[in-house]
Each structure stands twice: as C-alpha cells, then as structure tokens.
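First, one chain by itself: the form predicted alone, in structure tokens.
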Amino acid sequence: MGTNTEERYGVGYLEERQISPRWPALMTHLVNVVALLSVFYVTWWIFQDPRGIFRLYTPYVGYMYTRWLLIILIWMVYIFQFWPMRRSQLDSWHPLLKAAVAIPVAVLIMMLVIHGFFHGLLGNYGIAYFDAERTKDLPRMTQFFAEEYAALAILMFAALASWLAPAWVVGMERAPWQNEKQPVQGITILVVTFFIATILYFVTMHPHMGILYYPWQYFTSIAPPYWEEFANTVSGNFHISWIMCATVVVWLVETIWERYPFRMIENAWMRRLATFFGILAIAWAFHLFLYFAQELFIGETIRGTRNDNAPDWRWLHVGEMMIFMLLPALYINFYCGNWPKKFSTPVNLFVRTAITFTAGVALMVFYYNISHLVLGTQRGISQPEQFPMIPTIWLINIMLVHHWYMDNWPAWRKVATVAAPVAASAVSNAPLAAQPIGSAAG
C-alpha cells in the first residue's frame, strides 16, 4: 500500500483532522448541547434510570459498567490509537458508521473484562468477592449487597486503570515503547498499566473490601486499614478521592493546560518524570484542599455520622467535585478549540481554569437540585444512593465517542485531512502538547 503499518491505523488522526462549525457559534453550540443531552437522557433512561428499562443504577452495578466503558474507550483510542480501524476508514467513513462500529466493540470488550475476567476467572478461582454468587450466602450477606460489593471492587480496578492508562501516555509519552508499532505498543502499555493498577488495588481497595464482610477478613487484608488514623475513616473512599483527582488532573494537563509547564522541560526523561509525578502532586493538592475546604463551608467532620459531616462521605465528595470540573474542561477542549488563545500561555490557561471551576460549581449546584427529578436518583447531597459520578462519567463517555469517533457531528463537519500522516515515532516523541486527548475543534 506504500505506507507503513502505523500510518494505516489511527496514529495522528485526532491531531491532523480539521473540523469546523456548520453554523454561527451560538447555533452550533446550541445544537451540540441539545444533541449531547438528548443522547445522554435517552441512554440513561434505557440503561441506568431506576424507573427505566434495565435499571442498572443500583447504584454500584451501573457505576461498574459506566467506569469500565470509560477505560475501554481510553484503551481503544488513546492506547491503541484506533487500531485495528484503518486510517482510510477514519478519514472516509460517516461519523455514525464509525460510532456504530466502535460502540459495540467497546461494549463487547467491557463485557468480556467484567464477566469473563473478574466474575468468571478471578471470582471463581482467586478472590471470591469479585463474584456475587460466591459470597451471597455468607453470614450477614444478601444477594443485593453481594452484587454491590462485587461491582464496587470491579469498578475500582477501572478507576485505577482510567488514571494510569492515559497518565502513561501524557506523563511518560509512551516511553520506552514509543517507537513500537501498533498493536505491540498498545498491548505493552495496557499490560504495564494494568499490572501497576493491580498492585495499587491490593494496597488501596483490597483492605476496604476485607472489612465489608463479617467477620473482618484479618488473614487476607489489613483490618482495620492502615490509613484509618490519617484519613479519620476505615473507608476506601479516602483512596477513591485521590485516584479521582489524579484521573481528572491527567485530563486537565492534557487538554486545557496543554501540558504546561511540564512541556518547557527539554530533557525527555526529566520532562516525562516531572509530568507523571507532577500530575500526582497536583492531584494530592486537590485531594487535601477540597476535603478540608468542606470543613470551612459545611462544618467539622464527625466520624460515625451518616450525613455530610461523615469523613468517608467527604472523601468521596472530593472525587465527585473533581468530575464536575472535568465536564466543562472537556467541553472547552473538544468543542471550543481550547478558547481563549489570544493571550500569553499562562493567561490563557488561567482563564480556561477559572471558567472550568466556575462552571463545575454551577453544574454541581444544578445537579443536586434537579437530578432526583430527571435521573431517578435519590434527593439530597449526602444520600447514600446518590452517586453523581455515574451520570457525569456517563455523559463523558458520550462526549468521548462523539469527539473521537464522530468528529463532533452533526454540529461540526470535517473540512480537511492531512494527506500524509506523520509516523508514530514523530507523534510519540513530540515534547509539547502534540498528542492531545482530543484535538481542538473549531
């Protein structure tokens, strides 16, 4: 065919495509928002809404599928760079056709991972709590809680993977495998990040799972967990908090922050290490700041309560707040061309960040006032069945498919494609923000 293997697939596609709005800005964004929310609401009612058809929002079962769909999409596009879909298909296929191919593939992989790997393999031959059928008859256990606990364990694997997989691409710039062809590069990064996620799972969430059962599983997990004194709770929500912060910060660095200031480091390995661990440092700053900020606005934490004063809920709420911030950040990058761009880089980043956090707070207030009416969730901020991370990540999944595979159709259209795609090594070694999670649109 006259091109090498990596050029025939999706390397560089998001960076090279050019899409433009079909109508004036106001009309374009109005159509776009209506389209996104319509797809969100219809699919939410079909699959998640407790009043709908499948009613997966239990809440953890629905959360498990939502979170694993996110990581599968990241694997397909960001790790495997659209492989095995060919570049000619990405360039020429209609957006609906690309989505019609990608979504069933993602769902199939998701089902194989959840039901084949976790339920079938680990749950039956390794760790019983991954399979509800193995634990439902234990003392003081019910079918419902066995299913919820299994779903919680499985979704936490996805949470760790959805941070580490893009973090390796953003922070480590795919090194040391950046010159490998697909699918070798993708498989290697997937295996390495999944291995690290497995280790982190056993030192973060496994002790939490060990104390959910009666009696506590002293011989298989640390009980009470080692973080109890520092976090003022035995709940694994302490780890959910910083993992969600790290997940969101990866995307902030890659999108509205354009990898600044890490991209200024010229030495490749210093830049990679600074970016990877800098993301973690920023995440921990958010993790601690947002927790203690709740004491300023809500009041002192009271261990043992089951409301918004409880430390376990407040750690969880840190992660929820961060996800609310992610939604406007992705919209700015996917649909607003990372506006503004006319000022200096620090000023541009500051304006985007200010818009992101202001919009995130507004979204959070709006959500807690209307979610029980339109989504079928429970009313209240600290209601134990109220998990805003589920609908927000559900919407993010829709945005990822829409931007990555559908080229922002129908409010945008593809106007040009670079004729000669760059080689994989050229993309992978770029020191600046040359590999964004999503290309700037219009």
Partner chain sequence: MADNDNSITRRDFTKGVAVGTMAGALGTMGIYSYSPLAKQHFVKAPAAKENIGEVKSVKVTNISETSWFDNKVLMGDIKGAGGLLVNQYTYNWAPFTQPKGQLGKGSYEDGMKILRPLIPNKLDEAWAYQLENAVNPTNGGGFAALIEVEALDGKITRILLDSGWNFDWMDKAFKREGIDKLLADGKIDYFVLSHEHFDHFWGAPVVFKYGPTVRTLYPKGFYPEGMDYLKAAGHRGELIETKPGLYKLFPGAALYNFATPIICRVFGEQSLFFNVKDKGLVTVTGCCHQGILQFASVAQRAVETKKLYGIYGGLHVSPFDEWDPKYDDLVAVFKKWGFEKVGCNHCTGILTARKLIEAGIPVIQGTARNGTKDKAYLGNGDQIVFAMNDVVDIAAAATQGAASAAPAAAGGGMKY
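Numbering follows the first chain given and starts at 1. It should be emphasised that the depicted structure is a prediction, and the values quoted were computed from it without experimental measurement.
If you look for the form predicted in complex with its partner chain, you will not find it shown, but the lines that follow are about it.
J.: So, residue 302 and its partner chain: in the predicted complex, are they within 4.5 Å at any heavy atom pair?
T.: Residue-level check for residue 302: yes, a contact with its partner chain.
J.: Does any part of residue 94 reach within 4.5 Å of its partner chain in the predicted complex? Heavy atoms only, please.
T.: Residue-level check for residue 94: no, no contact with its partner chain.
J.: Is residue 288 a contact residue for its partner chain in the predicted complex, using a 4.5 Å heavy atom cut-off?
T.: Within the cut-off, so yes.
J.: Taking any heavy atom pair closer than or equal to 4.5 Å as contact, tell me whether residue 413 reaches its partner chain in the predicted complex.
T.: Answer no; every heavy atom of residue 413 is more than 4.5 Å from its partner chain in the predicted complex.
J.: Considering non-hydrogen atoms and a 4.5 Å limit, which listed residue (103, 113, 190, 212) is close to its partner chain in the predicted complex?
T.: The option sitting close enough to the partner is 212.
J.: Only one of 358, 198, 124, 142 has a non-hydrogen atom within 4.5 angstroms of its partner chain in the predicted complex; which is it?
T.: Contact check passes for 142.
J.: Choose one stretch from 161-169, 291-299, 329-337, 79-87: the one whose residues place a heavy atom within 4.5 angstroms of its partner chain in the predicted complex.
T.: Among the candidates, contact is made by 291-299.
J.: Do heavy atoms from each of 176, 217 and 275 fall within 4.5 Å of its partner chain in the predicted complex?
T.: Judged in the predicted complex, none of 176, 217 and 275 sits within 4.5 Å of its partner chain.
J.: Counting only heavy atoms, which residues in 353-379 are within 4.5 Å of its partner chain in the predicted complex?
T.: Sequence-ordered list: 376, 377, 378, 379.
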